[in-house]
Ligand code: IMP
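Listed next as C-alpha cells is one chain, alone, in the form predicted on its own.
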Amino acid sequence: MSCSIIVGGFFGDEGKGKIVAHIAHADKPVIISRGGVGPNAGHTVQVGTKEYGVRMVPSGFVYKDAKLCIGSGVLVDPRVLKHEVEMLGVKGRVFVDRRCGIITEEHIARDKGSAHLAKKIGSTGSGCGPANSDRVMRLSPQAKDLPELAEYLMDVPKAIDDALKEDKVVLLEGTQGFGISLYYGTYPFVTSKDTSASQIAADNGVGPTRIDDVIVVFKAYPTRVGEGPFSTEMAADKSDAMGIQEFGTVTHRKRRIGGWDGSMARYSAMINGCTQAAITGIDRVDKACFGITEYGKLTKKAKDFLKQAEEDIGYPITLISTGPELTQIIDIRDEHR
C-alpha cells in the first residue's frame, strides 16, 4: 500500500503539476485523485514541446494507466470538465465523486461581480468562492444531481480504499498553495477553503492513518498571483532583469516574484506534515543547471541553495526540477527510503 499527497508549500504555482506527472510515471499509481478548491487552480504540464494547462482533470493525466478522480471536497464546473476531457482525450478515465459541489453560471457571475472578491481579494472569477459559500449554506447542487455528469460518477473514497487494500499506489493531488489556505494563509487574501495536506486527504475521503508520504513542493523563487502580503517580493524590474517572468495558468495575470522564504517553508512543512520536499526552478538559481538529471552534476551554487533550503524546510529534498519539461528532473527519493 502506498498513498502519497503532493501539495504546494508557498502561494501556488510551485510546479506541482510537473511533480505529480513525474511521480505518476515513476511510481505507476492506479488512481490519481484531486483535492483542493476547484477550477480556480491551474496546473501546467509540459511533455516535449507540448504544454497542457488543466483546471479540473488531475495533472497526472499524462500517465495513461491511472484512473483520474475528483474527490468529493472539490467543486466541479461541468463546462470546464467536459472541455478538458475532450481536449486531453481522457474520456473513460475521468471520474467525479457523486458528492462534489457544482459551480453554476450564477456562481461565476457573483464572483466576477463582487468588488470584494474580484478587486480587493483578487479572485480568479471562476465561481469557487460563491459556490463554496452556497455549499456551506446547503444550497449547492451536487454532481449526482446533474444528468450530464452521470457517466463520470463514482464513489471515489471507496475506489481509493479498494486500491490501497490491494497494495496499489494512489496519488492525491493538491491544488493552490499553503500561503492562500483559508485557515493558514494570508487571510483575507486567501482561497475559499483550506489547502493543506490534511484537507487534501479529507477531500478524497482518505483517513490520516492511510497516508504514507506528504511531498511539499516549493519554488526556488516563490510567486504569487493576485493581492495579498508577500514578504520576499522583489520589484518587477529586478525579476525581469533576472529573466523571471511568469503568468497565471487560469487568469494569465503576471505573477509577482519573490526570493526564497525559509521561515514560511519551515512553517508550511510543519502544518502539512511534510515527509519529503520538492524544489522547482533550480535552473533559476543557476542557469547552468537547466535540464540536468543527476544530482552530482549540479553546480556548487545550486547545491548550496539546496542545502540551505533543506535546513529551512527541516525535511529531505528528494525531487529537484531543472526545467519545465517532464524529463528535466532529479529524483533521489530512493536514497531516503
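Note that residue numbering begins at 1 and tracks the sequence as displayed. Every value quoted in this text rests on a predicted model; they were computed, and no experiment measured them.
The following text describes the form predicted in complex with inosinic acid (IMP), which does not appear among the structures shown.
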Here the chain appears without its partner; judged in the model of the complex, the stretch of 157 to 165, 207 to 215, 175 to 183, 142 to 150 with heavy atoms within 4.5 Å of inosinic acid (IMP) is 175 to 183
Exactly one of A41, I32, I282, A278 comes within 4.5 Å of inosinic acid (IMP) in the model of the complex through a heavy atom, and that residue is A41
Check S123 for me: does it contact inosinic acid (IMP) in the model of the complex (non-hydrogen atoms, 4.5 angstroms)? yes
Hey, in the model of the complex, is R99 touching inosinic acid (IMP), heavy atoms inside 4.5 Å? no
Using a 4.5 Å heavy atom cut-off, state whether R253 contacts inosinic acid (IMP) in the model of the complex. yes
Taking inosinic acid (IMP) as it sits in the model of the complex, is T191 in contact with it (heavy atom to heavy atom, 4.5 Å or less)? yes
So which bits of 10 to 24 sit within 4.5 Å of inosinic acid (IMP) in the model of the complex, heavy atoms only? F11, G12, D13
